[in-house]
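Quick heads-up: it's one chain on its own, the form predicted alone, in structure tokens.
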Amino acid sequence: MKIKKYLAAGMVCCMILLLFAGCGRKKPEIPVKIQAGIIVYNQSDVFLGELVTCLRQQFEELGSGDLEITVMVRDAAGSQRTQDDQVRELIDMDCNVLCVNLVDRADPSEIIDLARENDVPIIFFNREPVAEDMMQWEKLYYVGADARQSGQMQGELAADAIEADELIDRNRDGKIQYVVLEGEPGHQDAIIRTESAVDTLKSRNISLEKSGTGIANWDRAQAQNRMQQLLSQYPNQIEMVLANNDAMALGAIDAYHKLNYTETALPVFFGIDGTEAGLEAVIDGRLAATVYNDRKGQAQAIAKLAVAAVTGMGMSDIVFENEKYIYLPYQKVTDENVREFLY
């Protein structure tokens, strides 16, 4: 009997040792289910709508095999309070990563506090928070592009067109009378795009005379209205329109068509973003040129970073600037290369 007791005790000891040994070898569990929340400032923004479509596609491609990805999209419709509530809602629904396009880039504190309290990483995109806010927590990231580069490229495209075609200066006064259609009052990207475009033109020795500015909030219909107002002040005088995005450039064109201007009386129009409608307008000659904002590349970067932030896998493969930022370059689009950007 004693021998049997000793054998039984020995077997129990061996099982306990094996159990502890197995625990020692166990790797940290990697989540196989990602619930990603996407919140945009206003999905009626054409570029943002196209970017979200690309982002959905990227998450769908990554969500295969052992990795299940659920995507929930919310539209803040221009309200920061609404966006704060949507972040709270998505966290309560167990989202474990958030992709946030801020309504007010200077007011992300409540969103950051909610995410930090619940340990939910945030990838801000398209509207960059101020640097001080990005330093509030280590799990805050940004994916976007350099607004200054887009303005510089728009200015270069405009300078190239003016130097190549003396007829743009219709009144032959040696100056280009122009108007600017800006995104939002006080918005960082709008200010930078405008300033860098104009500064670039001046650096190319293009003589400019500003006729006016219209705030159109990135919107085509608002841009049409603003342009009609400007045309009532400066009929047949405007030779160039610089718009902070394609939607507003197309709105300006709509204004001319509504007022029945002839083709020979039209100014030259320049946009930014390379939306599908903007690219088509370059093909048919309504837009002289635009600057491509790489929505597909940004969507790939956001999706890859979201998966890495949740699973911990692949983060070392991501190239950051200052450990938090990913910037995708802009590209110039003219009638010579526009078809390369259509997909």
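Keep in mind it's a predicted model, so treat the numbers as computed, not measured. Residue numbers run from 1 along the displayed sequence.
Missing here is the form predicted together with beta-D-glucopyranose (BGC); even so, the following discussion is about that form.
Chemist: Taking the shortest heavy atom distance, is N126 within 4.5 Å of beta-D-glucopyranose (BGC) in the predicted bound form?
Modeler: Looking in the predicted bound form, residue contacts with beta-D-glucopyranose (BGC) include N126, since a heavy atom lies within 4.5 Å.
Chemist: In the predicted bound form, is there a heavy atom of beta-D-glucopyranose (BGC) that lies within 4.5 Å of any heavy atom of L67, even though the partner is absent here?
Modeler: Taking the distances in the predicted bound form, the answer for L67 is no, it never comes within 4.5 Å of beta-D-glucopyranose (BGC).
Chemist: Can you work out whether Y292 and beta-D-glucopyranose (BGC) are in contact in the predicted bound form, taking contact to mean some heavy atom pair no more than 4.5 Å apart?
Modeler: Flag for Y292 set to no.
Chemist: Could you tell me if R220 has a non-hydrogen atom within 4.5 Å of beta-D-glucopyranose (BGC) in the predicted bound form?
Modeler: Close contact is absent here: in the predicted bound form, R220 is far from beta-D-glucopyranose (BGC), nothing within 4.5 Å, heavy atoms only.
Chemist: Could you work out which of R74, H187, R116, R170 is the residue within 4.5 angstroms of beta-D-glucopyranose (BGC) in the predicted bound form, going by heavy atoms?
Modeler: Contact with beta-D-glucopyranose (BGC) in the predicted bound form is made by H187 alone.
Chemist: Out of 45-53, 58-66, 304-312, 279-287, where are the residues with a heavy atom within 4.5 Å of beta-D-glucopyranose (BGC) in the predicted bound form?
Modeler: Contact criterion met by 45-53 only.
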